[in-house]
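Below you'll find only one chain, the form predicted alone, shown as structure tokens.
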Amino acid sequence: MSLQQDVDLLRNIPLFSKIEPSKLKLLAFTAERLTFNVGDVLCHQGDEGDSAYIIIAGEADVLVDTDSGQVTVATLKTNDFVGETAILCDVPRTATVKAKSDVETLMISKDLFFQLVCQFPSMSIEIMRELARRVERTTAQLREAVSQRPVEPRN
């Protein structure tokens, strides 16, 4: 893929849509293109968050370790962005991301990510919106799971 194709790809992602073309070109140039095969792990739950990924092609499952084993909580597709929570909060990865098909990504380092957020406040707003959507989805899933659980009698 050419640099211009990467810029066009980034422009279609809401997180980066308001960034001027010259800065998108810099992002596309400095981001690392990585390919993962089916079953490969992009990142492990508990690892240090040193980068975020944009899914260019393919699908990846977001898996969370529980007492009952790993649970798939989401499936990422083209133009999805993952890994920003560990970068923003400086906490270990909150989930494992595993390629469901062959996956092509752009990996953005933590340093580059923070430079972009500092230079483009509109990007911060888009990050907050995406994180809020994820919290809402998770809350809805929890409500549904709790409502389906049998009620235990109280003593």
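Keep in mind the model is a prediction, meaning the values are calculated, not measured. Numbers follow the displayed sequence, beginning with 1.
The protein also exists as the form predicted in complex with another copy of the chain; that form is not presented, and the subsequent description refers to it.
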Item to check | Contact test in the model of the complex: T96 vs another copy of the chain, heavy atoms, 4.5 Å | outcome: no
Next on the checklist: With the partner left out here, check for me: in the model of the complex, does some heavy atom of D65 sit within 4.5 Å of another copy of the chain?
Outcome noted: yes
Item to check | Contact test in the model of the complex: F113 vs another copy of the chain, heavy atoms, 4.5 Å | outcome: yes
Checklist entry - Just to confirm, N79 within 4.5 Å of another copy of the chain in the model of the complex by heavy atoms? => result no
Item to check | Partner-contacting position among L27, I56, L88, M107 - heavy atom within 4.5 Å of another copy of the chain in the model of the complex | outcome: L88
Next on the checklist: I need the one stretch from 27-35, 48-56, 98-106, 125-133 whose residues put non-hydrogen atoms within 4.5 angstroms of another copy of the chain in the model of the complex.
Outcome noted: 125-133
